[in-house]
Every structure is written in structure tokens, then in C-alpha cells.
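Next up: just one chain, as C-alpha cells, the form predicted alone.
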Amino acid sequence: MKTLSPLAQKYIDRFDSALETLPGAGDRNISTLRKSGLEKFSKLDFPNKRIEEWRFTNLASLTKGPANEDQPSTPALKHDAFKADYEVVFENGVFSKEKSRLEKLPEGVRLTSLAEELGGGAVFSLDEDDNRALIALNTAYMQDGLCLHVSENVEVPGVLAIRFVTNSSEPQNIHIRNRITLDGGAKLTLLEEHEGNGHYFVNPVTMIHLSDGAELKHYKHQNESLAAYHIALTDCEVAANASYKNFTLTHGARLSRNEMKTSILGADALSKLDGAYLLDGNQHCDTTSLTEHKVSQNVSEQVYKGVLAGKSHGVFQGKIHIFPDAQQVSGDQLSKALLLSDEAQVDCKPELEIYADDVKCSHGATSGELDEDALFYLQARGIPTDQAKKMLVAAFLGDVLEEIENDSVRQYFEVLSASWLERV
């Protein structure tokens, strides 16, 4: 019998009692779904460094003992809240109707909580071929999340913000499952924010489906407690003429991983994944993406930039997989990292897996220190060294922040990045 990590064994041992308190308790179909997830997780355990996709990220500090008692348990960055047009709030993994603002959502938008859906008997399928352990664990223990459906040709004006706030006086584990569906021609701008106090582990899983011609701008801000673990997985299916544009800004959590899988299923579709990670101290941030071009004539783009100070560790793993007969496809990815400390480090692994011959693809990765000539140029003009360094870092980040199409979100992320730079 396989010996599981201590945390995995705890999940196995307390599942029967937890099953009675989770949404959908008493529904046979939902219980069967959860048990299937647990059974798969019990065979897989938490990922370890022997798995190729996880060789740069070690979860031992999460799975083998108490978490981060020596780390600050406050959010990585204090800031003013983004002023969204609509707001969905989850506190400690549970939907808060009182703190949410949804009354102005237009007709054609259906927004409910996962707990409500499960309580009504809704059952989601488990992909038997998917061997990602944390999705299986999430299926077993999912407690709440956003269920959002935008009807055909409905354009939601403004920005919908989803806030996941954790305030934990003692260690806890939170498993969120979000399901987002845009019908043909629908348009939505979404800001997903994670923030908290305390020692905790969050495992959010987001499943997105974009029908023909749908457009989703998905922005994410990860500002978890510096004692927290944030391991997120996002899967997006993009149909013909649809576009998925994602930008993730990370400066929170002791250890974080943002894993994205995009499946491009139609012609003239676009997947655009961008982001910036700003790390200090002993923080670890892993950005892993898989983009699948399954048919001909579509485009994918990726640009990620990292700024690392202290003893922080950044990881970028990006893979573009072009299936046989997926001709006339364009796929590009680029990773750049700026090291502000001799002790900071970054691992990059860009990949192309191509089984078609009429494609245009590129990938690249660079890392290095501040340009000494540029720094000297600024100093020679009377700019203090610290200020000159911050100007160069801001310029480095400026290119990728410009990729954010929504003006209000871009300005918000620019302010957050500047605030982080001021304290480093």
C-alpha cells in the first residue's frame, strides 16, 4: 500500500466526516463524484519533485508539517480596493451575499454559488483521464465558488470583481471551484482577487468555456498572506472566433503556483496569457502554462516578467502543444526575469511540442541583473541610486503591464506594482 504524505493522509482519514458537512450532503450523485475525486487523489498524493511539471516546486513544507509559523501572516501588500461595477465576495471559502454587490448585473447573466448549485443537485463530471492530483482533491472537498453563465450576445459593461478573502486564526484548507461559461458572442471583464490573513492553504480550481465569438478578459491579483500557500489551476476552452485574455499579477503567499491550461478548439481563436510576479524574502512563485492548439488557424501569445529580491525563487514553465493537422497556427511565448539580489533565483523551461509543419512558433527566456550602463546614466544625471533602480524596474514591468487592455485594471495594477517597489 502506498504511503501518503501526512497532509494527504489527513484528507483521507477525515473524508467521511467532512462529507456530511460539504454542500450536496445526502445527494447520492454528488457523494459519488466526491468519492471518485478522493479515490484518484489517494492514488496520486500531492505532487512532488519527481513529477516533471513539479521539479522546480517543492510542497514538502505544506504536506509534511505545520505551515509557516515563522512567516508574517498578513497580506503581502496593503492597498486601496479596486472600485468594481459588480462584486462577488467569498469569506473563508464561503459566498457572502451580504457583502456582494450584484443588483446591477444585466439580464442574461446568471450568477450563483457552487454551494447553492450542489445543494440543488447539480453534478459536475470528473475527467477520468486528468491526473492532476489537486483537481481531484478539489473535487472531493470543493466547498463553494462562483458559477457564472453569460447568455448569447450579452455584453456585461464594466468590471465584475470576485474577491476571495481569508481571515484565519488557525491553519485551514480552502477548496474553491469556479465554473464560468460564456455563450456565443458574450463579452465579460473579470477581476479575480485573493487576499488574506493567517496560515492557510487555498486550492482554487476554475473551469472556463468560451463558445463561438465569446470574449473574456480575465485579470487576477494574488495578494495572499505571506504565510499562505496558494495553488491555483485554471482550465479554459476557447471555441472558434473566441478570445481569452488573462493577466496575473502575483506578489503574495509564501508559496504560490498559477497553473493554466488553454485548449484552443476553433479557427480564428486567440489565447493571450500574460503576467508579472514580484517576489521578496523567501517567497516562491511558479507559473506553469499549457496551451493546446487542437485545430488549424488560431493564435496564442504569452509574456511573463518577474522581479525577484531577497532569497525569492521564481519558476516559469510554458508549453505550446500543436496537434497533428493543426496547420497555420501561431504560438509565441517569452519569459523575462530581473534579479535584484545575488540570492534570488529563477528557473525557466519554455517548450514547443509541434506535430504540424505549417506553423509559426517561438519561445525565449532571459534573466539577469539591472543594466549597469543604464543605472550609471541615471546616476550621472543626479538621480539617487535607489530611485534610479526603481525607475529601471518600473520600465522593465511597464511593457507587460501595457498588455492590459482595460484602463482601470491597468492603472490599478500599475499602482500595486509601484507600491511593491517602494518597499523593496
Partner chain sequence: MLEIKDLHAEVGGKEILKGINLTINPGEIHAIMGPNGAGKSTLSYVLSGRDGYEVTGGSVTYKGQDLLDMDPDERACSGIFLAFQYPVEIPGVASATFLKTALNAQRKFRGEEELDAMEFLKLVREKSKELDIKDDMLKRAVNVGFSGGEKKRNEVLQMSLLEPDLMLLDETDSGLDIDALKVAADGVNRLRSPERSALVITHYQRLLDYIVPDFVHVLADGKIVKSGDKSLALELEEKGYTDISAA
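Here the structure is a predicted model, which means the values were calculated and not measured. Positions refer to the first chain, counted from 1.
Only in words, not in the display: the form predicted together with the partner chain, which the text now covers.
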| If we take heavy atoms and a 4.5 Å cut-off, which stretch out of 54-62, 22-30, 35-43, 392-400 is in contact with the partner chain in the model of the complex? | 392-400
| message | If we define contact as a non-hydrogen atom of the residue within 4.5 angstroms of the partner, is Asn48 a contact of the partner chain in the model of the complex? | response | no
| query | Taking heavy atoms and a 4.5 Å limit, what residues of 378-399 are near the partner chain in the model of the complex? | reply | Leu378, Gln379, Ala380, Arg381, Gly382, Ile383, Pro384, Thr385, Gln387, Met391, Leu392, Ala395
